Structure formats: structure tokens, C-alpha cells
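Have a look below at one chain only, the form predicted alone, in C-alpha cells format.
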Amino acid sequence: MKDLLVMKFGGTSVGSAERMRIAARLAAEEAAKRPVVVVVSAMSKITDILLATMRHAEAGDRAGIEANLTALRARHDEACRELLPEARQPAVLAKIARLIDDFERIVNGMAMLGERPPRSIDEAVAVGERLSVMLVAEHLNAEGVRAAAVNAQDVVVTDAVFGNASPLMEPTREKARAHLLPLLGQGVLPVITGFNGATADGRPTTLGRGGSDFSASILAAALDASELWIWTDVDGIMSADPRLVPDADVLAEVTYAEAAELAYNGAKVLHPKTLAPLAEKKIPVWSKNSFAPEKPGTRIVPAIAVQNGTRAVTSMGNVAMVSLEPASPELNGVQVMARALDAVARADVEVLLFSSSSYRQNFCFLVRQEELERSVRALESALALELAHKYLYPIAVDRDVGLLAAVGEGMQGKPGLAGRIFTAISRVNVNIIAIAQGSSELTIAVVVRRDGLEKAVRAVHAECGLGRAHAAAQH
């Protein structure tokens, strides 16, 4: 279908009746000009309520379950009453009740079992998206824009890794085209749940971290869209976190690779896997602010003609460093590294940075704090024999660290750039604990003490000539 646009609205962009009204208007304005598919997240904080309710169920906390169900109903009922004309409300309130009843049925099953099976979590947590999609579609219909609520379970086909499923693109392409193209052909605007899908035999799954954006890019690729717009609550991709660097500026354009690196190193932009389905077809993405839709946002493209060194500096504070060191020269350090990385990979942990020394073969890697316990357990299990016989020193963990990364495709071959970055950090009296730079030279990543992270980010941002002041000086 020619000139198809996929629009994705995040949780804050549909976080209230007013935000849903604005999202619907933005979608309707574009749908008047060309075919549009809309992908919608759950209302902000709703996924947290759903997951907390399941934890209460596992613990047998009936009062906690009831309190959360009451909050869930109240939030969506209120949005329904604010969004829709009175005559349409009873039917939609009944649909909300049925969806929440479905969720309650699954939660009661968890309470009886005393556990939360991953497959049941995936089925239950998608209720948040199903509720918001229904409300947005109903509002569009009330406004005279023909729309249909679509459960992504019917269009996105995945493997059976519950909680972190991966799409199977060919069957998804077939299902998405069969389900959505007839709607578009009839002038109907499909409003689709983000974050969820189903296995080929129909078992509900979810796509893990960054799942709603990922859903949108999967559908954009499956439908051969001309572009994807991702609506959030920020003006676009910035040269640094504006809370740390007041001078940070919105980047007009970044490459897929730069956006992925920025996200991987803590920037609140698209999750790296979001860009993967788009790369082959070179579908451009816009990151836009639904709270200020008049602002142009950031365009994410396969390549940029002129590269100018570092494009942005990003950081993460909620990280921990894990270090391992052989205590015996008989122990092959490379084998220990391989087994350690295999163990954390099997535990589904993302390694954010890896650094090693050659002679003593000690090495360290960085993980998110919420994945630290899982990482250490996996290492203790995989290296139990070496630890017990003291061939390895005890696993060392440092929680008082932060990650800083300078990112830009134009950094490759820039002589002295790494030295300038390190000098800028030392100039503000911040010690560097570990360094990593991949062979692509796209990112220089540095681990520093947590209390020096913000100072270091500001220093590197200024040293690399980023931000509004520098842009103004150039003009």
C-alpha cells in the first residue's frame, strides 16, 4: 500500500482522556491524507499496576489484588466518561468490565497456584494495551473517523520465549497484510495493541523491554510502510539528558546505528531492537513529541552524508560493575570469560560494557542494577567449582558506578578524540574506572564513580562542542 504511515503512541501520549483525544486527532489528521496504522501503549503506569497485581496474587495478598483492580477500573472508566458521548458510554464501560474480568480470572488462577507462570503473565499484562486501544478506537468512531481496535495477538507472530519474544517476520507479514490491508482498503483506521503478539499456535506472548516501539517497527516492516512516527513526551533525540545538561539540543537527524547505541547506553530513545526490522527496508523513523506536535522531532535514517564526530553523550546511573580475576595461573582466563558471558547470556542479562586486561586476565562488565542479582547467581552457578577451590578470587561487585558514552558515526578515525574525552573527565576531578571502545569506533564508553557522573557528562558534552550554545556560535 502506497505511502503508508505507522504512528506509535507511548504511555504518556495516551495517559489520560485528554492525551487520548490529542493522539486520536493527530492520527485522524494524517489519515485524511494517506493510509495510517496506529499502535498504542497502555496508559502510563497501567502496566506497573498489572504487574504489581500479579505479584500480590503470587503472595496470596487478596487486599492488594482488590485495591489494584479498583484503581484499574476507576482509571479506565473515568477516561471513557471523559472521552465519549453519554449515549456510547454504557457499551464501552461494559467492554472495559469484560477485559478487567479477564485479567481478574488470570490473577485468581495465579493466587490459587501461588506462582506467576510466564505464559499467564504475557496474557494478563497485554490487557493494559487492549484497554487503551479500545478507548482510542471508540473515540475516533465517535468523532466520525472509522476505526477498528485490533489485538496484535492476531497479527504479530512470535517465538515462544514468554516475556521476551522475538517476531517471526514472514508469518507476521502474511497475517498483518491479511488482517490490516482490507481494513485500510475500506478506509478504516486500525488501532493496534503494542507490546504483544502470539505464537503460531495462538499462545499470547509479549516482546519484552521496549516492546511497544518494537511492535510498531515490526508492523511498519511487514506492511512496507513509507515511514514510522513514534510519539513520546520529549522533543526528539537530544545531545544529552537535559536534566543533566541544560544546554542539550535536539538532534535533527541521527542514523539507525547512532540511535541504537544511544538507547543501549541509557538514552530514553528507541530500544535498539526497534530499529532492526526497519534497517533492511530503510524505513525512516521520526521521534516526535505528542505534547508539542508542532516541533519537528528527530529523523532516524540509515545513513547521513556528513558526519561530524561525536553527536551525543548519554549516561546511566542505575548500573553495577561485576569483576572476575583468576587466582591461579593454571586457569585459562579466556575460557573463564567465555563461560561467564555464556552464563549471563543464558540468564537473559544485557552486558552494557566489557573490559579486560591481558596479562592477569581479569575482566569486568557492567549490568543494570535490576539484573545484578540474576547475573551474580548465574556466575556463581557456572563457576562454582573454580570459586570453591579458590582458583578464582571471589566475584567483586561495585554498585557505586555510572556509565558515560560518547556516540557518533563520525568519531571514526578522529585523532585525539578519546584523549580529549578522558582529559575533560579528569579536568573535573572524576576518576575513570574502566574504558571500552568497539572496533566500529561508534561509541567510547567510560565507567566512572556514580557521584561524578553528572559532572563528567557535562564536561564531555562541552568538550565535544555539543549543545545549543555551540550551535549558536557556529551560526
Ligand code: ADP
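What we label the rigid core is the largest C-alpha set whose atoms superpose within 1.5 Å from one form to the other. We number the residues from 1 along the sequence you see. None of these values were measured; they are calculated from a predicted model.
Beyond what is shown, the protein has a form predicted together with this ligand; the following relates to that form.
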Which residue, 146, 399, 268, 281, is the contact with this ligand in the predicted bound form, using a 4.5 Å heavy atom cutoff? 268
This ligand isn't shown here, but in the predicted bound form which of 405, 237, 285, 133 has a heavy atom within 4.5 Å of it? 237
Of the listed stretches (331-339, 382-390, 239-247, 79-87), which one has a non-hydrogen atom within 4.5 Å of this ligand in the predicted bound form? 239-247
Just checking whether residue 154 would be counted as a contact of this ligand in the predicted bound form - the rule being heavy atoms within 4.5 angstroms. no
Residue 232: heavy atom within 4.5 Å of this ligand in the predicted bound form? yes
Test of understanding: in the predicted bound form, would residue 16 fall inside 4.5 Å of this ligand by heavy atoms? no
With a cut-off of 4.5 Å between heavy atoms, is residue 467 one of the residues that contacts this ligand in the predicted bound form? no
Can you name the residues of 3-34 that have a non-hydrogen atom within 4.5 angstroms of this ligand in the predicted bound form? 8, 10, 11, 12
Threshold 2 Å Cα movement between the shown form and the other one for residue 316, core superposed: yes
Residue 24 C-alpha shift between the shown form and the other one of 2 Å or more, rigid core reference: no
Per-residue C-alpha change between the shown form and the other one, residue 457, threshold 2 Å, rigid core fit: yes
